[in-house]
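In the block that follows, a single chain appears as structure tokens, in the form predicted on its own.
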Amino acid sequence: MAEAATQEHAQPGTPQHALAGGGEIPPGQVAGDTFPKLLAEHVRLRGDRTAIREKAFGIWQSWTWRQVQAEVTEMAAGLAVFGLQRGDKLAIVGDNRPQLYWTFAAVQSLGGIAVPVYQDAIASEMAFVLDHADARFAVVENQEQVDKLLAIMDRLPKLERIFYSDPRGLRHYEQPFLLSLERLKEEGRAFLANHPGHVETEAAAGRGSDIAVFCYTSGTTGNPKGVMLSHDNLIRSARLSAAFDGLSDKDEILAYLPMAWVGDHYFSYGQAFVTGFVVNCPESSDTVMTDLKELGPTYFFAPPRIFETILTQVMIRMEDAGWIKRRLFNYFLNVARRAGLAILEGRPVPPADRLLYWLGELLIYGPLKNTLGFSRIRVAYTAGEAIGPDIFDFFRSLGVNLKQLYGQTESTVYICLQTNDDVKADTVGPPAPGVEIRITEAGEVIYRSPGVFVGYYKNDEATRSTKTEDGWVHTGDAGIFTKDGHLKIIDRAKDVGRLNGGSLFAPKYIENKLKFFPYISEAVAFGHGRDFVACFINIDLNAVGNWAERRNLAYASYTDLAGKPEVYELIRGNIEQVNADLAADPALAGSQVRRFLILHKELDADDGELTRTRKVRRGTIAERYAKLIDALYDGSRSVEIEARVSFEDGRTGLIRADLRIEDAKVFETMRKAG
């Protein structure tokens, strides 16, 4: 390799590539090297057990594995009627719906490739993905998605057919290429009457090395790349991770994250087909928390932002509670902080604290977990960004087995997993079973694993620059290993820079520390090649709004609230707490935030400022808000801004504001003794 590896780790006592050659299937998992074959095995072993549910009109509807196979077979046969061939691509767009999950298996039964697309993507983003993927067919959820595709049909010469699941609002659409899923299945049933066994024969011809899905990257620095993942990538990684956490057909998961995100595909499709656990689809994005409480899943995944939001809501409710309830909550919260983590991890705890924790479980922790829908969780994961230690420890201290994982689209999510008895808030754990990790001389994390992607679709140059011939993948992340073999991610390698004085500047690290506070929803730090660090802040409208209302602070809009002097003082306090933490680390003490402003609007994916996975597009921010950045560094106390924003209905408008710029206190470096 071009880089010399300075450190290499693999999970102790675990084969480097367990199951890489097929291997033994862990107990409780079904055999098969493609998803259609796994589906057939589930029908044989547990055909009448529930496979998937969906809440519709307030009622949970269920389908067994046998019913799922019947639906998949009819859809696959219908697609065969309309000409889908092995290797053809079919786009899937919509919220988490059983019919859309079945579409994956239907396409794959014929040897086709599924291309999930973010349901909230604007038309131009959708046009790029469908055109780049050479999609011949699309299955979408509803009228909203149909309208988007119709608006860009002239840019998609290869798209031949659009099928929709929900017919509401589409009665008078007369395009000949637009058909309902019911019509597709009708055609499939007629085809099967004359060609029985056709779908089964095609499915049997599939191989694990076949491409199963294109998952497009978030595109933080340009157009998204189509990551080609094989059945082997998904199934082998899902087998290893399911065995790692003891997942089985007795588990349940809530599928609510975007289907286009590789994480949802991995958890709600890959692991479900490997283990046979039940997938539950919420009624809508607005009812997720209610549906979560009703279900009480045993297996749960959420990005840090979700856990931050949940904790913020809990704290807001407690602020509004009576003084007795607040006193009880705060008292037992201190007990949980003192003893909860040790109890969860099986470490010794003084009898008095154990008794108090039991009482807290009865009075506070248990009812709170029940309210949140966390009562039955055996395993919960978070990933995507760093999670605040206080937030992480809060849930673990309540007895929720929340852990962190590290992965990326190119690894099929699977790189690092935390074990139940060795969980640290500031690391992502050791390498997962079957994964090798090295840190290059440049400090970049590279890995090899069963989930390593086949390549980027129609982008051999990017594939070669990311994946070596012997299978090592460059993550682009800067990281280090701790003494006990845990990986610690510092920042994106390309984003780590230096201040003019030579101090290390890791913007994502600083931004994540700022976002640990419930009042800050987003932060963008600047400093590379500058004399000091400055930042933009987005306030959390709900949290700051509640804070303002309790203080009788009137406001008319986000822009109005963000400009209040009292809000600036609130945010200044948060920033100065971060500065105090940074001062304790000599390597980062120079990166304390000296100046800040609160943006007049929330950064938005529709405005191109964030990706669909809520990652900051730094290039766009630097270009669009150059005037604001300059003002942070030229000594200005305020700056006028005029910005165009996009509304949900497609309209655009202008926001004008005079933004304050404030200083924050910085602290002397606190050198550690010894």
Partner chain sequence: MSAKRRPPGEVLLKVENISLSFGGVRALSDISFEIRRHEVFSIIGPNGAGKSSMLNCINGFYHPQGGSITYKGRTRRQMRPHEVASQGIARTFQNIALFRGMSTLDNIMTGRSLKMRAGLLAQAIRFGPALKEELEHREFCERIIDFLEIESIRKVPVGRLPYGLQKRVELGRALAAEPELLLLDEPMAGMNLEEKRDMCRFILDVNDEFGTTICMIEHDMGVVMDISDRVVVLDYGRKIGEGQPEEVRSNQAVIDAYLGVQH
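What you are looking at is a predicted structure, and each value in this text was computed from that prediction instead of being measured. Positions refer to the first chain, counted from 1.
Keep in mind that the form predicted together with the partner chain is not shown, yet the notes after this line are about it.
Student: With the partner chain left out of view, choose which of Asp470, Glu569, Asp154, Glu174 has a non-hydrogen atom within 4.5 angstroms of it in the predicted bound form.
Tutor: That would be Glu174.
Student: Ser284, Ser180, Ser209, Thr371: which sits within 4.5 Å of the partner chain in the predicted bound form by any heavy atom?
Tutor: The option sitting close enough to the partner is Ser284.
Student: Quick check on Lys37: any heavy atom within 4.5 Å of the partner chain in the predicted bound form?
Tutor: No, Lys37 stays farther than 4.5 Å from the partner chain in the predicted bound form.
Student: Hey, in the predicted bound form, is Arg550 touching the partner chain, heavy atoms inside 4.5 Å?
Tutor: Because no heavy atom of Arg550 falls inside 4.5 Å of the partner chain in the predicted bound form, the answer is no.
Student: Does the partner chain come within 4.5 Å of any heavy atom of Gly87 in the predicted bound form?
Tutor: No - in the predicted bound form, heavy atoms of Gly87 and the partner chain never come within 4.5 Å of each other.
Student: At the 4.5 Å heavy atom threshold, is Arg618 in contact with the partner chain in the predicted bound form?
Tutor: Heavy-atom contact with the partner chain at 4.5 Å: absent for Arg618.
Student: Has each of Asp245, Pro350 and Arg354 got a heavy atom lying within 4.5 angstroms of the partner chain in the predicted bound form?
Tutor: Looking in the predicted bound form, the three residues Asp245, Pro350 and Arg354 all stay beyond 4.5 Å of the partner chain (heavy atoms).
Student: Please identify, from 143-151, 181-189, 446-454, 423-431, the stretch that has a heavy atom within 4.5 Å of the partner chain in the predicted bound form.
Tutor: Flagged stretch: 143-151.
Student: Along 45-67, which positions have a non-hydrogen atom within 4.5 Å of the partner chain in the predicted bound form?
Tutor: Read in sequence order, the residues that approach the partner chain (within 4.5 Å, in the predicted bound form) are Lys55, Phe57, Gly58.
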